[in-house]
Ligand SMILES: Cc1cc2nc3c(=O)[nH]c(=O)nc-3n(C[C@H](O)[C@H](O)[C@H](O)COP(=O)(O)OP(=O)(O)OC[C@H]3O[C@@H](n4cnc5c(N)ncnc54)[C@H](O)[C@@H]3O)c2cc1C
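Only one chain is included here, represented as structure tokens and corresponding to the form predicted on its own.
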């Protein structure tokens, strides 16, 4: 995953009220940097990992939020900061978060996060941050559209819905270059088997022969028309490259989805 375009720099202190309720009791106070302990590195795809981090300060967050990560980089005067989404659920309450990272060739931080860390290392993080969030109070049905690492915050929403036993219809349209490069493909397959309210539609952009995908092209208008026709969304969340996000946002508007119910997150 690469840095977000979302300019929101505020953070939230959250409190878990019940197993299925996540409420933001934030005064929008800026969080401090803290050292998170890396307790596990999980291979997500050939070029991506999930970093399981144990935080010193509270890990309460709304599904869809992200943390800023700061690292020292050779030949740079000061540390470099990037934002990475949380993929785990805030329910049940925990001091541990999963952060999804995809390596960007030539990137300043992502190669080090994907290939240069070991369990036991400490990483500077600050958060949680962001307005791209969903909870049970937002209701559904929910349409989730993600491309590449844009699936990561959507995964947090799905895992939260499962952990809280919400039974709110969700449909995920997930675009990847190949099935091997699809973030959380195994977890999504397991979840769709367990929960009838979840449907996952895979589309692959660089592998036209893989029968595990429903489509073999970039997310397009016809794909969104089919998704909306099958289950008209009360809420929609779109995450990924700016052009894809803007296209899907426009198509949803043409299909009659209330623009106020659509939230977007763009990665550059």
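Positions refer to the first chain, counted from 1. Source: prediction; values computed, not measured.
Form predicted in complex with this ligand: not shown, discussed below.
Using a 4.5 Å heavy atom cut-off, indicate which stretch of 148-156, 190-198, 88-96, 169-177 touches this ligand in the predicted complex. Only one stretch qualifies here: 148-156.
This ligand contact in the predicted complex: residue 100, any heavy atom under 4.5 Å: Judged by the heavy-atom cut-off of 4.5 Å, residue 100 is in contact with this ligand in the predicted complex.
With a cut-off of 4.5 Å between heavy atoms, is residue 263 one of the residues that contacts this ligand in the predicted complex? So residue 263 does not count as contacting this ligand.
With the partner left out here, check for me: in the predicted complex, does some heavy atom of residue 66 sit within 4.5 Å of this ligand? Heavy-atom contact with this ligand at 4.5 Å: present for residue 66.
Does this ligand get within 4.5 angstroms of any non-hydrogen atom of residue 82 in the predicted complex? Residue 82 belongs to the contact set for this ligand.
Residue among 109, 123, 182, 164 with a heavy atom within 4.5 Å of this ligand in the predicted complex: Here the answer is residue option 109.
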